[in-house]
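This document opens with one chain alone, in structure tokens, the form predicted alone.
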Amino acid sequence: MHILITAGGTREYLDPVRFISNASSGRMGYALVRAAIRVGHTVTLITAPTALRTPPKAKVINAETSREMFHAVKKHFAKCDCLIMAAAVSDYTPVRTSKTKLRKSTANLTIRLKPTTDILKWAGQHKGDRIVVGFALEDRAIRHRAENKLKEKRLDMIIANTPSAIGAHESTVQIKTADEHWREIAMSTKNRTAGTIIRRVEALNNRASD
């Protein structure tokens, strides 16, 4: 398979040096890249800035903002068999970005934000025969909210986790496909979890080919 994987946390700039972002380390996305390559798949990685070493044998595309990531996904989506959206894409971006550095003052600063494009929703609407996998970071009603996301965005698989997974080397995740029950992967390294996810993707692909 040709698997397209996104990773890391996007940045939304207020001015040339300041930005809004999140605490995503990119570890899960990079672990998925390694797991997919290890079993023979071709991987294109679209990555937001991280401190991680680029996985060997992957085609790497850098995307700093949510807009850049959306353009990269659209450009490479048609050539993939599966998209795994492991990136933590910013939900909001400034309405206006200053071309020069905002100067500090004693006055309060109000920043107006607007929603970013929902890349995962776009992929679900245009997937055709492709497999689309999403992540849901939830702190309440985890399965309920993740399953709603699975249905509303027409995904084939959803991986649900909690904020404790951010930046951690180990985490507990819950996985659901569109036609199967929930499965929990108890506290495990992200490398092992990534291997499980890739095997589930392969199973979905084999089922679609039968």
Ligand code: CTP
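Numbering starts at 1 and follows the sequence shown. Not measured: the values here are computed from a predicted model.
As for the form predicted together with cytidine-5'-triphosphate (CTP), it is not shown, yet the points below apply to it.
Among Lys153, Lys176, His41, Arg34, which has at least one heavy atom within 4.5 Å of cytidine-5'-triphosphate (CTP) in the predicted complex? Spelling it out, the residue with a heavy atom inside the cut-off is Lys153.
With the partner left out here, check for me: in the predicted complex, does some heavy atom of Thr93 sit within 4.5 Å of cytidine-5'-triphosphate (CTP)? No - in the predicted complex, heavy atoms of Thr93 and cytidine-5'-triphosphate (CTP) never come within 4.5 Å of each other.
So in the predicted complex, does Cys80 come within 4.5 Å of cytidine-5'-triphosphate (CTP), heavy atom to heavy atom? Result no; Cys80 lies far from cytidine-5'-triphosphate (CTP) in the predicted complex.
Closest heavy atom of Gly124 to cytidine-5'-triphosphate (CTP) in the predicted complex, within 4.5 Å or not? No, Gly124 sits far enough from cytidine-5'-triphosphate (CTP) in the predicted complex that none of its heavy atoms falls within 4.5 Å.
Is there a heavy atom of Ala72 no more than 4.5 Å from a heavy atom of cytidine-5'-triphosphate (CTP) in the predicted complex? Result no; Ala72 lies far from cytidine-5'-triphosphate (CTP) in the predicted complex.
Of 59-76, which residues get within 4.5 Å of cytidine-5'-triphosphate (CTP) in the predicted complex if you count heavy atoms? Read in sequence order, no residue approaches cytidine-5'-triphosphate (CTP) (within 4.5 Å, in the predicted complex).
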